[in-house]
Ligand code: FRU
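In structure tokens, the next block holds one chain alone, the form predicted on its own.
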């Protein structure tokens, strides 16, 4: 497996959603959904990685694992905050009411219940899984508040006068829903309000994230059943500018939205503030099969989220950008952590990076990964941005299993899983390409 530089990858077996992303005591901590027994989804633990710079990552092993009735069948997604030097993790514990007798890591017929649980640490490394957990929100019994089964992924933040938490859930008539809670002490939480849309936006909203930027208030959700196309993945992440009145936890959402990423492979993102106060985001890359049968799952480049003129931008974090300082003439000269290709693309032109094709059709940037992807999966082979407005400059970050195409410094991004890339780059005018790798 490639070293954990630029892209954080599974230490073996399976990872998915990023959790507990935070800058704490001089380090970035990124926890993640982790199944330590096989490269497939199963009973979730929280794996843990640490970085000084968002570039070089070190895995720390398992931080949180099932020990209670409420999390017997998994410690699912959640977030982290710091208070008075102490790290607080909030996550969804799951208890299966009906276990698959042929596979104890699977539930039958969605017969499970969800609780929200807190665990703390003095140093961000050591967690008392046997005695240090507290259930802060038991399974919801009032359907006016939320769903007993589908209420999960707590995101906690500090507001002006209190602590706030949002959960993703669903309505009785199967529309996505948010549940807002408030706390004075991080231990006792009171439900304050809910938000949903008549138009639905899928049947369940996973991994909600809300934050404010200079340009606007951003809501990110991952609706299940959002985009229905025969045989293709239906669950996707969208973002929008929302109106939020904090004291009453009243949120209004527009009909307009953007995809987080137009490759439609990224899911379940989580954001935090970096060392400089910028809003930085990580997201899980869905992969159809394990690499060499050993590991499955990785995260995208950390991205800075900015809002300008009503549009949400996802830009490469400057710590990542400054790593690509060595100019090379051929991809074979690149560091094992990958390389970056920069160019302007003309209408009708195509650049082929190791079998992954990037083209321009009018004012859209399009990609095609048929040549570097397994057959017979529910992943899309061709992707495209909406019409771009700011030009046609592309920065393409290439990893052995992930290509990220940043259009006009984050106006739009297409990120795709790939397998079997070659080290050949072909273009109609190769001299227009600039190739850089890590020192």
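Positions refer to the first chain, counted from 1. What you are looking at is a predicted structure, and each value in this text was computed from that prediction instead of being measured.
Quick note: we don't show the form predicted together with the ligand, though the next part is all about it.
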Is it true that 17, 77 and 268 each have at least one non-hydrogen atom within 4.5 Å of the ligand in the model of the complex?
yes
Heavy atom within 4.5 Å of the ligand in the model of the complex - residue from 284, 356, 90, 324
284
In the model of the complex, the residue from 207, 365, 166, 137 that sits within 4.5 Å of the ligand by heavy atoms
207
Wondering, does residue 153 line up within 4.5 Å of the ligand in the model of the complex on heavy atoms?
yes
So in the model of the complex, does residue 41 come within 4.5 Å of the ligand, heavy atom to heavy atom?
yes
Please pick out the stretch from 273-281, 104-112, 174-182, 199-207 that is in contact with the ligand in the model of the complex, where contact means heavy atoms within 4.5 Å.
199-207
Partner contacts for 209-224, taking the ligand in the model of the complex and a 4.5 Å heavy atom cut-off:
none
